[in-house]
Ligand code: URA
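Consider the single chain below, provided in structure tokens and representing the form predicted on its own.
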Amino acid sequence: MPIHVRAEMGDYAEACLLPGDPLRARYIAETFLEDVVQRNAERGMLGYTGTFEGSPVSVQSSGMGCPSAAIVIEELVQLGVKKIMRVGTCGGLQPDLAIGDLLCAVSSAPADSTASHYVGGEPHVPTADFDLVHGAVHHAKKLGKPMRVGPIVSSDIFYQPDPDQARRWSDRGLLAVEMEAAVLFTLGALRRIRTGCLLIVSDVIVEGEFVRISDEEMRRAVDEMTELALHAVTA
């Protein structure tokens, strides 16, 4: 039994959603899954297993940042999980993005030491699994949901002390910044599992006045993202 995800082999499905927030994990389980069983509550890191349209699927919270996410991902792999789709929020880095927009990451620049430690500091491009990206794009079109696809950056700092950092990321074409995808994609490569990442733009941090998503906008966007992620990860 792993130390932090206190479950046994078979308790988690091979397909798993990975939100950061434990309460979002519970919301997803209660709203979208059937025959739900809670599998973990250690340190408040809630995890559940159920079915979506007849397919087994789990949802497990990862906490904030790559170090916390890495622990959870490693232990999910120990429990037999083969596909992990992160579902989270991000800061938009392109001025044409809007609050509530949906993004699918193809890669994530590791502005975080955790992913770098895993590869011994050597150059590495943390990259999503093509089939999960393709599945997300396909289901987004099928469900009529607009979605941007491209590179993002994973930072280990939420309250960025460099006021010009967002502009430099933006100038290099990165769509958004978040805190977990780089280590998810890196562990996907190292542990030979399939990994993907869908994100909601919760604020836009380049050009103009900072605006944060409202609770109602967030709930609606989370519902749309979760439905799409479940279709993609169980396909």
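Note that this is a predicted model, so its numbers are computed, not measured. One-based numbering along the sequence shown.
There is another form of this protein, the form predicted in complex with the named molecule, and it is not shown here; the text below is about that form.
In summary, among the residues Glu207, Asp203, Glu30, Glu42, the only one with a non-hydrogen atom within 4.5 Å of the named molecule in the predicted complex is Asp203. When you look in the predicted complex, the only residue of Leu79, Cys90, Ala128, Ala115 with a non-hydrogen atom within 4.5 Å of the named molecule is Cys90.
Heavy atoms within 4.5 Å of the named molecule in the predicted complex are found in one stretch of 68 to 76, 135 to 143, 90 to 98, 115 to 123, which is 90 to 98. Among residues of the shown chain, Met179 is one whose heavy atoms approach the named molecule to within 4.5 Å in the predicted complex.
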